[in-house]
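Below, in structure tokens: the form predicted alone, a single chain.
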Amino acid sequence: MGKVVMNWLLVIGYWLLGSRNGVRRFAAFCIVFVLAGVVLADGGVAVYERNCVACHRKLPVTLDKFFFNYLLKYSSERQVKGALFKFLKHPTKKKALASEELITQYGLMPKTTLNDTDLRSAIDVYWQKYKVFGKIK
């Protein structure tokens, strides 16, 4: 999503900057700069909210429970993120950490349609939201 918005911003910015009117050019630069900052500052939060939270909201098991299942099995940040990435790209019952009852009732999670960059951003947001490292005192 971020890439699409950035591409549109670049097209709009390029079109506006082509103007001979200095005020319009400056305004266009400011608008593109601010919007690009908003898109870049998002850091995958919107992708995570739209593609992960929206579906998991319908399940009786919350996203934090799935996170702790991954953390218990894979332990490190690199391994958790890697396992999540592989599962979301090619979900199978063998790789799933959900209970058999949950899979039977709701089915196996469908394969993600996100590109690798957006998927990694969403996983990074997921990790930051639920990680316990540095939060336990």
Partner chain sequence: MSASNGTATSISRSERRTLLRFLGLYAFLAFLILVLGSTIYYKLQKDLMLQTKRLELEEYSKELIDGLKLLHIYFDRYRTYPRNPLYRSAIYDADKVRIFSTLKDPKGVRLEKVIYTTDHVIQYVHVLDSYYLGAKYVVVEIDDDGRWFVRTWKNIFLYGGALLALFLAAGLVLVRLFLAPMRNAIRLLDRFIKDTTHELNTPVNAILSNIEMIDPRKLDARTAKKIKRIEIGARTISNIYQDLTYLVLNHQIASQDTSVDLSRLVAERVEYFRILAESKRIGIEIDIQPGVERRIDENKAARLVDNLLSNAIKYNRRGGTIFVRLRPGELLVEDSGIGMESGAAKEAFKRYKRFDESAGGFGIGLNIVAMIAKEYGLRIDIESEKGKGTKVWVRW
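Numbering follows the first chain given and starts at 1. All figures in this text were calculated on a predicted structure; none of them were measured in a lab.
Keep in mind that the form predicted in complex with the partner chain is not shown, yet the notes after this line are about it.
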| item | value |
| --- | --- |
| Heavy atom within 4.5 Å of the partner chain in the predicted bound form - residue from K58, K94, K111, R78 | R78 |
| Interface segment, criterion being heavy atoms within 4.5 Å of the partner chain in the predicted bound form, picked from 84 to 92, 45 to 53, 97 to 105, 58 to 66 | 58 to 66 |
| 4.5 Å heavy atom contact, F26 to the partner chain in the predicted bound form | no |
| In the predicted bound form: members of 110 to 137 within 4.5 Å of the partner chain, any heavy atom | V132, F133, K135, I136, K137 |
